[in-house]
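Only one chain is given next, in structure tokens, and it is the form predicted alone.
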Amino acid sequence: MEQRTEILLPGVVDPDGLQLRTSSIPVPGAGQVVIRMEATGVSFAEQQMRRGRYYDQPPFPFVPGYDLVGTVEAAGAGTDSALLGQRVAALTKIGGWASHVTVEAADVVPVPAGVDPAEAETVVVNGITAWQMLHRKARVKAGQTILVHGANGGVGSTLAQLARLAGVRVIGTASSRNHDRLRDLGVIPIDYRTDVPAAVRELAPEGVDAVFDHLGVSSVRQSWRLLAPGGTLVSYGSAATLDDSGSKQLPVLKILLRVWAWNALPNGRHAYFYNIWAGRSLAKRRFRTRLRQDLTQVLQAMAEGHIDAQIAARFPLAEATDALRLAESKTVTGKVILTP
């Protein structure tokens, strides 16, 4: 009898502390579907969660996995029967590291025919994040110039490609070994170990129209000063504090305080802290509609060849320990993918 396989994160552990469990394949309830996972990813969120450093993660133990791509295997009452057998993508936040995953039918997004599931997986959470920051927060326009910190990363590279598709000039920070890759994407590279503000000012003397910063409060202070009049800063993480001890909420609160203070200034510039789940409890229907619209746009851009998926490696789900260790090694470019 076929069983469900899942990876459990029992607490703050090293990668080899992950646990493999089996159970019965779930039965979907009303309005739900069960997806047979074809690809899920190791994102920065799981690396933070392993350390207990993701600012709104659930209590241990839980099954990690921020997103997945797979085929709908079973559908509960009240769902569209046409979903059965369809390849879909879903944003889960947790639970994706499993062979079979139950989600609300309203939360799945069809994957275009011909798109490889592992490639589609690279732009689920990364793609939604990039699209919404570009088009719903910064509202970029053709001819503008933006700065993307970590432009070789999962979100950064997707954001850079979507920005170039929109006719935006992109300056991106990365280590020098990734500069050729950035140039291939049409990005102007800057070594993150140099004087980044000075390098940006040489390329954009009047400032940039938007900055996308995942590093933390020290970096966002510099990013704010690089904005042109009317520009927008979008902060979406605190990667520099990954290995810190103490409160996991404090780094985000520090950024939020900065954002609130800057937005109170009458200077025409704007700052946001982006959280993909913001407002879900207050406007769930609107959240779902936007998610479906935005991820559909990203997946279609991939289907049309405008987004080049970066896959660092593929591991079977049972080898999640090795996959997580590789993702955290900082030796690879692209997303580490887990498959059944």
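Heads up: residue numbers just count along the shown sequence, starting at 1. Quick caveat, the model's predicted, so the values are computed rather than measured.
Keep in mind the form predicted together with a small molecule is missing from the figure; the text below concerns it.
Judged against the small molecule in the model of the complex with a 4.5 angstroms heavy atom cut-off, the residues Gly150, Gly153 and Leu215 are in contact without exception. Taking the partner from the other structure, the small molecule in the model of the complex has no heavy atom within 4.5 Å of any heavy atom of Gln86. None of the heavy atoms of Gln297 is located within 4.5 Å of the small molecule in the model of the complex. Contact between Trp131 and the small molecule in the model of the complex is not found at the 4.5 Å heavy atom cutoff. Within 4.5 Å of any heavy atom of the small molecule in the model of the complex lies no heavy atom of Ala120. Checked against the small molecule in the model of the complex, the candidates Ser99, Thr71, Thr232, Asn178 yield a single residue with a heavy atom inside 4.5 Å, and that residue is Asn178. The partner is absent here; in the model of the complex, the one residue of Phe44, Phe287, Tyr272, Phe315 having a heavy atom within 4.5 Å of the small molecule is Phe44. Partner contact region in the model of the complex: 167 to 175, out of 198 to 206, 167 to 175, 100 to 108, 258 to 266, criterion any non-hydrogen atom within 4.5 Å of the small molecule.
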